[in-house]
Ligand code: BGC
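Quick heads-up: it's one chain on its own, the form predicted on its own, in structure tokens.
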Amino acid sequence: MKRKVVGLAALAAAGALALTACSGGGRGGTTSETTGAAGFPADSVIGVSLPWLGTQNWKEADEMFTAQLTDAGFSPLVQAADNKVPQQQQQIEAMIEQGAKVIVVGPIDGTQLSSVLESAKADGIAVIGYDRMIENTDAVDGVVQFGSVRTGELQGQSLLDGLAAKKGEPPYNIELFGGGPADPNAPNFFSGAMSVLQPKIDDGTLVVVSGQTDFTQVATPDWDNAKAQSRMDSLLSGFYSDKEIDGVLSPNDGIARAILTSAEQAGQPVPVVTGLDAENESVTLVWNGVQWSTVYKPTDALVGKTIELIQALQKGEALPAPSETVDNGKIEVPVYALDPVVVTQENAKEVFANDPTRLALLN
């Protein structure tokens, strides 16, 4: 996917033009055109289709969308699809049938929703991608997410910082893990990290002992922690019987914990391991000096930004100017990118100062 930053004034003008255009209906117009300048009733049904509830961030999204949409006066219809694409397609179809005016979608596979979302567009329903890009369709009005490439850059730099702080002088033996290949964020996390790590691999500071440096080699199907631990077990038994592993690039906290478990069971010293999502269990591990870092992407900020867009659509207003646009294979999609932050033992209390749940874990 290609990214480009756009001029704010131009985008604002374009958005206003789209929203004030005549409501043409049908599949030929944009969603903004079919929604129309008049907006929709303030108590309308808003659909939210989440991929699953298998990690803390998605459970938080489920709870926060229900609460915050209700508080905003809407009628929320929030469902999760257990990481099954046909189930997510069916849930979105049901949201269309139940008269949703906006459908928020955290896609399981961003490439497999074109047909059902085009049906939503034909009915004048706005579609907002949540946390992940929706690909190969023009039936998407915008995506709200934390910068995925930026997240990877932070993870890569954090790995380097941790190695320098914990493992003495280079070279460092490391391995690389990626997320689920169906998730459009996963290769972006990895490419962002590799933009930082590859120069250090090239100059010999980092040694990927297995030689596995391509995303297709290191991806973790379905973000499955058990599959990650199995791969880590194989790496350690196959390449580290006579050497220590110093660090591991992990794309999220669940996989980080699986990696740490594998290393412990293999009798390895604790490696420097990155993470993502600031899950409670990993926040505790970071605070106790076991997991080196995680990346915090506060769910309430992501949900809040999404509801801000929904409220603009409800009032018939132009969507605010995005931070960038991304080519999803069909159109340039407005992306509302929020900034993630790396959390280590050193800055955890500062980062979580306004998050009482996570702050309570630091004792």
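One rule holds for the numbers: they count along the sequence shown, beginning at 1. Since the structure is predicted, the reported quantities are computational estimates derived from the model, not experimental observations.
If you look for the form predicted together with ligand BGC, you will not find it shown, but the lines that follow are about it.
Enquirer: Tell me, yes or no, whether residue 277 is in contact with ligand BGC in the model of the complex, where a contact means a heavy atom of each within 4.5 Å.
Expert: Within the cut-off, so yes.
Enquirer: May I ask you to check whether residue 223 falls inside a 4.5 Å heavy atom distance of ligand BGC in the model of the complex?
Expert: Residue 223 belongs to the contact set for ligand BGC.
Enquirer: Within a 4.5 Å heavy atom cut-off, is residue 185 in contact with ligand BGC in the model of the complex?
Expert: Yes, contact at 4.5 Å.
Enquirer: Is residue 231 part of the interface with ligand BGC in the model of the complex - any heavy atom within 4.5 Å?
Expert: Heavy-atom contact with ligand BGC at 4.5 Å: absent for residue 231.
Enquirer: Heavy atoms, 4.5 Å, ligand BGC in the model of the complex: which of 331-339, 39-47, 52-60, 306-314 makes the cut? Say which one.
Expert: Stretch with heavy atoms near the partner: 52-60.
Enquirer: So which of 175, 131, 135, 141 gets a non-hydrogen atom within 4.5 Å of ligand BGC in the model of the complex?
Expert: Looking at 175, 131, 135, 141 one by one, just 131 meets the 4.5 Å heavy-atom criterion.
Enquirer: Each of 189, 252 and 297 within 4.5 Å of ligand BGC in the model of the complex, by any heavy atom, yes or no?
Expert: Every listed residue reaches ligand BGC in the model of the complex, so yes.
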